[in-house]
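Have a look below at one chain only, the form predicted on its own, in structure tokens format.
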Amino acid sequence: MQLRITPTIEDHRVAKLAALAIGIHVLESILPSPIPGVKPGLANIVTLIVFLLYGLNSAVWVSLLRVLVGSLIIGTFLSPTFVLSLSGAIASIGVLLIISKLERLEISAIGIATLMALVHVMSQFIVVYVFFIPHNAVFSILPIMMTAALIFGFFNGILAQKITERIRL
């Protein structure tokens, strides 16, 4: 007896959206940054749109595939960069999980993206401190990074909200 596994429509959708997120992730990795480590997180917009349109399960797949495959393409798999990217993605997924459980809480795409960005950065600082640089001086740049996260999260939320509105029309 042969076991046949046929991909579902959702599997195809997740694969296409993950490919989009991976492409953005790879492009973003080659963009110059005025402050080392500061990136706009444009690939996270795809994760948020997937969450808003298709739910938590699809968003988790898109996010984790983006980090895994993106790191393989860029050449950072299992490096500190990969660990930081994965920790940020997991923290952002945690935000989406909490929001999905709070059915009565109405929060905009802007609010969700901002929370995701802030938690993403905070989780990365915790990972850096615990695993790589266990010194309090690490946190001296936290205000700069959190400010960048706040700004990029806000603008990414606006983009996600506008795109989601257009897709729903």
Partner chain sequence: MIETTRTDKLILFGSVLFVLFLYYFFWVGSSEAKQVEIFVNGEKRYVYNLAENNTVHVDGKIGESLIEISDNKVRFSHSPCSSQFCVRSGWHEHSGGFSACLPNGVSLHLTGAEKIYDAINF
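Residue numbers count along the first chain shown, from 1. All of these numbers come straight from a predicted model, not from anything done at the bench.
The same protein has a further form, the form predicted together with its partner chain, not shown here; the description that follows concerns it.
At a distance of at most 4.5 angstroms from its partner chain in the predicted complex, all three residues G111, P134 and M146 contribute at least one non-hydrogen atom. Residue in contact with its partner chain in the predicted complex (any heavy atom within 4.5 Å), chosen from V127, L118, V60, L52: L118. Distance criterion of 4.5 Å from any heavy atom to its partner chain in the predicted complex singles out I107 from the list L42, V26, L68, I107. Shown alone here, A15 lies farther than 4.5 Å from its partner chain in the predicted complex, counting heavy atoms only. In the predicted complex, K162 approaches its partner chain with a heavy atom inside 4.5 Å. For the chain shown alone, S140 is a contact residue for its partner chain in the predicted complex, at least one non-hydrogen atom being within 4.5 angstroms. Though the partner is left out of this view, L20 does not reach within 4.5 Å of its partner chain in the predicted complex, counting heavy atoms only.
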